[in-house]
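In the form predicted alone, a lone chain appears below as structure tokens.
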Amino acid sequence: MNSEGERQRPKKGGKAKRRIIAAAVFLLVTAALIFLLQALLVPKYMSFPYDGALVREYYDSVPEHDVIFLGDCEFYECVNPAVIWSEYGIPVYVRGSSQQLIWDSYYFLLETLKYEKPKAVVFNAVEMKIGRVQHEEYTRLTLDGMRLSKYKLAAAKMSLTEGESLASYVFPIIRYHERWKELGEEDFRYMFRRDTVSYNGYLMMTGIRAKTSTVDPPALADYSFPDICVEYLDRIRLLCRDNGIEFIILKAPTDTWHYPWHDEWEAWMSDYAVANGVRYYSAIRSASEIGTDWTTDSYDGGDHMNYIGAEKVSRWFGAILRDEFDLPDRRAGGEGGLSAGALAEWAALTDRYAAAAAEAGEAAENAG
């Protein structure tokens, strides 16, 4: 029989167990606080700049897209998936962001292949112009909305500017910890949810401001594209080839003093396409076929397309996808069609866009 002293002796390991439990609770509480603070402090992009909301919206879509467009604002303001679907039944998505760099497009494509394998990828030729990060803010607009993965880290590593750390792309609170000074009502409203701002990656712009400048851009001493851009163009092309995906290059309509597209660049892209057996299309050269009218089709004096110009470009290029690449009409459903979930998503998307376009047209008519 045990003595009274023996009965009162604490069990071995009791203190250690309590320490472990206390430490676990502390870590859980700390992690929860960090999560809540990060959710509050990161930008929500539910008001200007809306561009920062585009990348994350891809993950909410049904991954049954026959065409993925990769590009910057030229694409996400002139390629309208709702129009291409309504006219041709081709399901497309625009994976674009503000001043998206060519390696971002490459890693977006690698990530996309985790979710789906499109029949074609359309790359924006204008990304060949810039071979280095110009502003850290643009990198954030692009990568903050990307899911954490080895592809996001690889893209972030390519884009790090002086003073940035790779860890800040894993834990954005490192970057935004002082943003509490700028917090507004939007930050609290959208801590755990977001509204949808795009139409499958297309950002609708409704203003109308005619292009008036006729000033030619200054000549360049060297029209060569940066080596890193040529390298990543090859990477994207070969990634498509290895996965049985049609690789297409497209230059959007923009060609202004602010955002020029020189004849030398046009010739280089044409020669590259011929040499590598891919198709290159120029919306600048095809302006008359598209019906581009710079008095009505831009919201900022010719630098970018508004919804009127985007509808024209989308109808033109949708016909190319249908006629020259034999992409089928998938609106019927059933064998060869899309799933019921995807069809429902497209119906909702086109209805939402039709309502927005009608409202924009009515506003323009009243203003006129």
Partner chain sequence: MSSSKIKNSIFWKAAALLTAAIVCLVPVLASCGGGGGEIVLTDDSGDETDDVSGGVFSFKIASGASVAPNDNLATFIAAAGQPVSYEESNSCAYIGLDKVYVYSGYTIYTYPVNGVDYLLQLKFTDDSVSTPEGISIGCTEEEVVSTYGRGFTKIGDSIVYYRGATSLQFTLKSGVVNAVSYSAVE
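No experiment lies behind these values; they were computed from the predicted model shown. Residue numbers count along the first chain shown, from 1.
The same protein also has a form predicted together with the partner chain, omitted here; what follows describes it.
- The closest heavy atom approach of Lys44 to the partner chain in the predicted bound form falls outside 4.5 Å.
- Taking the partner from elsewhere, Ser339 is found to have every heavy atom lying beyond 4.5 Å of the partner chain in the predicted bound form.
- Looking at Arg179, you'd find a heavy atom of it within 4.5 angstroms of the partner chain in the predicted bound form.
- The closest heavy atom approach of Val215 to the partner chain in the predicted bound form falls within 4.5 Å.
- Think of it this way: in the predicted bound form, the partner chain has a heavy atom of just one of Tyr280, Tyr115, Tyr259, Trp294 within 4.5 Å, and the residue is Tyr259.
- When you look in the predicted bound form, the only residue of Leu110, Ala273, Met158, Ile174 with a non-hydrogen atom within 4.5 Å of the partner chain is Ile174.
- Partner proximity in the predicted bound form, defined as non-hydrogen atoms within 4.5 angstroms of the partner chain, places exactly one of 280-288, 101-109, 215-223, 80-88 at the interface: 215-223.
- Taking the partner chain as positioned in the predicted bound form, the only residue of 59-83 that brings a heavy atom within 4.5 Å of it is Cys73.
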